[in-house]
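Here we start with a single chain on its own, the form predicted on its own, put down as structure tokens.
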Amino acid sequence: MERVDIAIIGTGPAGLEAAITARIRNKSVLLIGSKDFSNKLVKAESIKNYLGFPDISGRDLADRFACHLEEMDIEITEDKITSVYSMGDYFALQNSKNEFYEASTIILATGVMQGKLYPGEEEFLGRGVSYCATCDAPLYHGKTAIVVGSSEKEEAEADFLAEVADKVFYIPTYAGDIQLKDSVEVLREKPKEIYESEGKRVLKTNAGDHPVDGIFILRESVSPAQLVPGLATDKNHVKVDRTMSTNIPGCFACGDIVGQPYQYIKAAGEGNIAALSAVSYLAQKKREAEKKAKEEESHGK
């Protein structure tokens, strides 16, 4: 895939508005997320403060969003981004299959991560704790692992891991039936803590301790600090200024991920600002490149 001007992660109101604004400004856009939009939006029974819609359900508003995207010829790429790396003049976005997208700027609109990190999770991240089973599965050939899944979508990663690992345990943090290979053992327990003991990573639950070689924490969204190394955060929120700029040049954030109030209309407004800021950033970089080229040409004469 060619490098795009603006990559947007998240398909809630913030991400969708950012994509629309960027397209209006004639920028190439990569919109990554779910075609079903955000669960929080779709499940809302009644929204009364969205301008132009005195009383509309989340499902109906989502349908309006879908029509708007279709009118603007904006497609959603259904994928899960596990890491974003600043490469200087562009960003590399890694998905769960170890594939990469490239973008000159990036807008984070992933929503706020629900819940807190487990004690020990951040300490052992990259050292026995991972957020991507399909990425790191080859490291666990013949070993044991636990997958903590936040939704039915994570079951596929547990199945894939079971093809490589000697033994896989699966702990769902959601209700409902589990559809997994017979080799995967389901534990209906509540994770509490991660620690190290005798060279193993141990997941402590309400039912006991489970020493394994690897622990995979699979959530709907990754902590922003873990998603983008070096990103300034305040707990689960990304720090931004009024232009939705983060501490990383070319990286912007909007919507619930930047803090309260968690309102759809607030998120959409911030998505608009983030896109305009990304467009301005691209224009500034272009001016700087042209100036540098002229100076080099002048020195060469």
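Throughout, we count residues from 1 along the sequence that is shown. Just so it is clear, the structure is predicted and the values come from calculations on it, not from any experiment. For the two forms, the rigid core is made up of the largest set of C-alpha atoms that agree within 1.5 Å on superposition.
One more form of this protein, predicted together with a further copy of the same chain, exists but is not displayed; see below.
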Can you say which of 177-185, 209-217, 71-79, 226-234 gets within 4.5 Å of a further copy of the same chain in the predicted complex, counting heavy atoms only?
71-79
Ile24 near a further copy of the same chain in the predicted complex, any heavy atom under 4.5 Å?
yes
Taking the shortest heavy atom distance, is Lys40 within 4.5 Å of a further copy of the same chain in the predicted complex?
no
Counting only non-hydrogen atoms and a 4.5 angstroms cut-off, does Pro249 reach a further copy of the same chain in the predicted complex?
no
Taking the shortest heavy atom distance, is Asp241 within 4.5 Å of a further copy of the same chain in the predicted complex?
yes
Students should find that, of Ser34, Ser28, Asn272, Ser57, the residue having a non-hydrogen atom no more than 4.5 angstroms from a further copy of the same chain in the predicted complex is Asn272
Decide if the three candidate residues Pro13, Ile20 and Tyr50 all line a further copy of the same chain in the predicted complex, where lining means a heavy atom within 4.5 Å.
yes
Under the 4.5 Å heavy atom criterion, name the residues of 263-288 that approach a further copy of the same chain in the predicted complex, in sequence order.
Gln263, Ile265, Lys266, Ala268, Gly269, Glu270, Asn272, Ile273, Leu276
Superposing on the rigid core, I want to see if Ile56 changes position between this form and the one not shown - specifically a Cα shift of 2 Å or more.
yes
